[in-house]
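Just the one chain here, the form predicted on its own, laid out as structure tokens.
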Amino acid sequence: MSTIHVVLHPKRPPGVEHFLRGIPDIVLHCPDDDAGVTRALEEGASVLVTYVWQDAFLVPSLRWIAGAGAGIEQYPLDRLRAHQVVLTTAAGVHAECVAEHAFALLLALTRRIGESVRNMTRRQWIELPGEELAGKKLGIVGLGRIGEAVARRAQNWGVSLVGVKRHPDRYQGCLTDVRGVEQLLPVCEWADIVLLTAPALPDRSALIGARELELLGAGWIVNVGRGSLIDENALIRALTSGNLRGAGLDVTATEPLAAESPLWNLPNVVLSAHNAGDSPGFGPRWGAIFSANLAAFSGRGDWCNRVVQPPGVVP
């Protein structure tokens, strides 16, 4: 087998570089920026490990993009297919970690931990009675592996659960009440909490807008899916008016979130920097997928988490 040159994008989850450096059959390139990634690919590297995409990365030598994230909306799928580039993702690697993070955001809202931390920085001792999750109604929008991991955990918290999924007829999981996206408005009206774990829509439009937030009323919303799923202006209006009690956001419409965004200063908002899936366990879990796909890339096995597979791809 010929030597495989792998380019690792400088923005990567924890543990990925460490794992790749332990593989003897590859030459690893670790550029410092996007321009360096492009140069390494133009010099003949055939594999790119990334969750960031630039059109300049699509060079003739590129044969496989080993995604370090679960999302695919950033990639030009038709162009990759036309150029015979395989795309694989890290789908499933994040599920347990993101589910825990979703609960961290939710509890930070309902137990008012975000407000308490703000008081702590001001050295103010203020008692803030929080809410109990038990007895609440939770709507989970998106029932892939992350949504299912959230649902399994939520069953132990004494909450009522409804799921929303594009194809509820295909659902096989722990929930007994799963509805189509056309039922999103009634679910928002029913719920005390809406928790988003869905991928971005193909056109990047919002699932949650002013009407959905109005129906949710004095509830909470948590987003560990994609920032584009929520109309951010409508969210800010609902939060500042007091109609919505709080928002826990790991993702925002534009990332990084602009310094002038009102979301930074709203006391009923808890923010994290799109790091719900990051943990020391990421590298080994991602590495198992990469190893299987490295064998497939070399013609010695089947692809895992393959999104784009043009015919006749060889290293």
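All values derive from a computational prediction rather than experimental measurement. Residue numbers run from 1 along the displayed sequence.
Another form exists, predicted in complex with a further copy of the same chain; not displayed. Remarks below refer to it.
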Tell me, yes or no, whether residue 279 is in contact with a further copy of the same chain in the predicted bound form, where a contact means a heavy atom of each within 4.5 Å.
yes
Using a 4.5 angstroms cut-off on non-hydrogen atoms, would residue 131 count as touching a further copy of the same chain in the predicted bound form?
yes
Although the partner isn't part of this model, could you tell me whether residue 62 comes within 4.5 Å of a further copy of the same chain in the predicted bound form, counting any heavy atom of the residue?
no
Determine whether any heavy atom of residue 51 comes within 4.5 Å of a heavy atom of a further copy of the same chain in the predicted bound form, and answer yes or no.
yes
Which of 70-78, 153-161, 138-146, 198-206 has heavy atoms within 4.5 Å of a further copy of the same chain in the predicted bound form?
153-161
So which of 35, 288, 27, 273 gets a non-hydrogen atom within 4.5 Å of a further copy of the same chain in the predicted bound form?
273
With a further copy of the same chain left out of view, choose which of 105, 235, 194, 224 has a non-hydrogen atom within 4.5 angstroms of it in the predicted bound form.
105
All of 123, 127 and 261 with a heavy atom within 4.5 Å of a further copy of the same chain in the predicted bound form
yes
